[in-house]
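There is one chain below, alone, in structure tokens, taken in the form predicted on its own.
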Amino acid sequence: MEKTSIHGMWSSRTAFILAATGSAVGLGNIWRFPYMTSDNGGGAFVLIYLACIAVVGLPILMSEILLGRYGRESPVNTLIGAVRDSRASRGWVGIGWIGIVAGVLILSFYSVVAGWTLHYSWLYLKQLFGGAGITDPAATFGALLASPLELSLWHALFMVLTVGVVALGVEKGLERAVRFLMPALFILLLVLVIYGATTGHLGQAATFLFNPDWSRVDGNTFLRAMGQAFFSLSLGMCTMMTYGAYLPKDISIPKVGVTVALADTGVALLAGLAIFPIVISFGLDPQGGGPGLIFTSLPLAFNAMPLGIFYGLLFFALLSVAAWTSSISLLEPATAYLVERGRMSRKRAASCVAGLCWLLGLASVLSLNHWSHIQLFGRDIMSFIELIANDLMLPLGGLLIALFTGWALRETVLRDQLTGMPQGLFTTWRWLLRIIAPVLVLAVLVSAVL
């Protein structure tokens, strides 16, 4: 008997793809992937990354969506039902808890960083209407990090934006939001790419990104590509499992999985074509990408560019939207679980989880200033939380999802959810899920530990 979700359903295949792509596309796609590509052989890295998507990312992505649609509940309750139906060990339910806890921890510091993008969007908006410009980007960024009050306020505003969407439910909240935010993200990205082309360095940027340089490929390149393929698809934190719970039965899981993977990769590559023409034009150092380039180097370029203030506003608006669509998916699993316990409305559940994330995020805020001297295993508090949640819990969750779906879940469940999938593809997918994906994810996990 087909189960239904008490939280609602996506109205269409497009709605799910927009939501899942929004979950996958985050700050890492825009400020990390292009530089990983350029530093690891350009087109060679892209080809290796796509291969890793095919053999690691896509099989686990399909598994999460499959489990979610089968259970139609939050990750924890979905696993409880799947374990019961397949007569497997109750220990597998821990997958759901790993995902929910990891999501809360990640959102706690992710919201702090997303607050930076809101702050810079506001700075450029004020400049557009005659406000003071960013004359010393390093000092501006340093002043922001040194102010716990300002960081906490932007962190709080971002959490309010996130909880405002999740509290409204699947159809009125999540779906309405992604139907507006994802097209906005793509439009902003295309405008930035077109603007980057006016610098005259788009061809050089494309060569920088796509020209294969196999001499720069080694074992670490493969490891980085596997890690990026895994993390960029939001795997292991059960967000895709939660979104899969709202997916109608007549929609093909393999097709939507491939579409989401390609869209996620496309956004990352377009981000490179938007950023690198500016990097090349102004002789900026692209090494490592990340906050150093985004918040201190690029504003220098914006100051010297024609329409640079407008470009800066679009760029930080793009970052804010990318962060927002990801944060929505991070908040949803824990919210759904609390609602299913029957003691909270969705608004109260979302508010409680968001409040917890905001409070936990204060530790990350303070680690940037007053608590910067506190070190945990050689890392500041924010970096330590990121290590535990992002680098350890997510690969562990992904590894367990692959093993549970591949070995413990009844084959009749797999066949029922993958109706119409050719036998050869089904066999290949299950083989990847049982052997290849777990081995490669384990390699990512071990590298994070070491």
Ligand code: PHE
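Only the largest set of C-alpha atoms that superpose within 1.5 Å between the two forms is called the rigid core. Fair warning: this is a prediction, and the values are worked out from it, not measured in the lab. Residue indices: 1-based, along the sequence shown.
Not on display, but discussed next: the form predicted in complex with the ligand.
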### Query
Counting only non-hydrogen atoms and a 4.5 angstroms cut-off, does residue 406 reach the ligand in the predicted complex?
no
- Query: Applying a 4.5 Å heavy atom distance criterion, does residue 29 contact the ligand in the predicted complex?
  - Reply: yes
(message) Given that the ligand is not shown alongside this chain, does residue 265 nevertheless sit within 4.5 Å of it in the predicted complex, heavy atom to heavy atom?
(response) no
Given that the partner is absent here, does residue 330 sit within 4.5 Å of the ligand in the predicted complex, heavy atoms only? yes
None of 116, 110, 124, 246 but one has a heavy atom within 4.5 Å of the ligand in the predicted complex; the exception is 110
Students should find that, of 320, 232, 367, 335, the residue having a non-hydrogen atom no more than 4.5 angstroms from the ligand in the predicted complex is 232
TL;DR on 154 to 162, 235 to 243, 141 to 149, 249 to 257: the one with heavy atoms within 4.5 Å of the ligand in the predicted complex is 235 to 243
- Query: Is residue 31 one of the residues whose Cα moves 2 Å or more between this form and the one not shown, with the core superposed?
  - Reply: yes
| Flag for residue 49, CA shift 2 Å or larger between this form and the one not shown after aligning core | yes
### C-alpha of residue 357 moved at least 2 Å between this form and the one not shown on rigid core
no
